[in-house]
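Only one chain is given next, in structure tokens, and it is the form predicted on its own.
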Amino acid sequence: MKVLLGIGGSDDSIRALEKTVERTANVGDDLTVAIVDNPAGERSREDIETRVTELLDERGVDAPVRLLDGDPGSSLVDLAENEGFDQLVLGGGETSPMGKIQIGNIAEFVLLNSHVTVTLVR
């Protein structure tokens, strides 16, 4: 499966990175990692890229890492649709005290606008 992982520096993104790379190592997906600017993210793009490279090397996964500019949600949707990805994976979503999922702006945009299957890793 051709998988695009979008990450932007939040803890949710790092969890999605770890789980997606693990799955890729186990089943052999064709993974591309796309790093976006996330104003709510706690890490710089350089820190994220370093973590991505380290994890890919640790797990023996060969995957391109792309830095996307512009609006994060639009950039991810455009890349996924224009390059024929089967799945777009994002981190995000916390459970509120009432038990409902709360998602960030980027994840909401992607979920509402992508014609590619979206997987939200929590």
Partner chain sequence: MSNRTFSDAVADPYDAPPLSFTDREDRTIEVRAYDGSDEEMEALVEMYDAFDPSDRAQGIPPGREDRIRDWLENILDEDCLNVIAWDGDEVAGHATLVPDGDAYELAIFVHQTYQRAGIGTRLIKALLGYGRVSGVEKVWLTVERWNRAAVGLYQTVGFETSDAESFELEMTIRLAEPPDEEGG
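Numbering follows the first chain given and starts at 1. As the structure is a prediction and not an experimental result, all values here were calculated from the model.
Below, we refer to the form predicted together with its partner chain, which is not included among the displayed structures.
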query	finding
Option touching its partner chain, based on a heavy atom within 4.5 Å in the model of the complex, out of N26, N82, S44, S96	S96
Heavy atom of N113 within 4.5 Å of its partner chain in the model of the complex	no
Residue contact check: E108 to its partner chain in the model of the complex, 4.5 Å heavy atom	yes
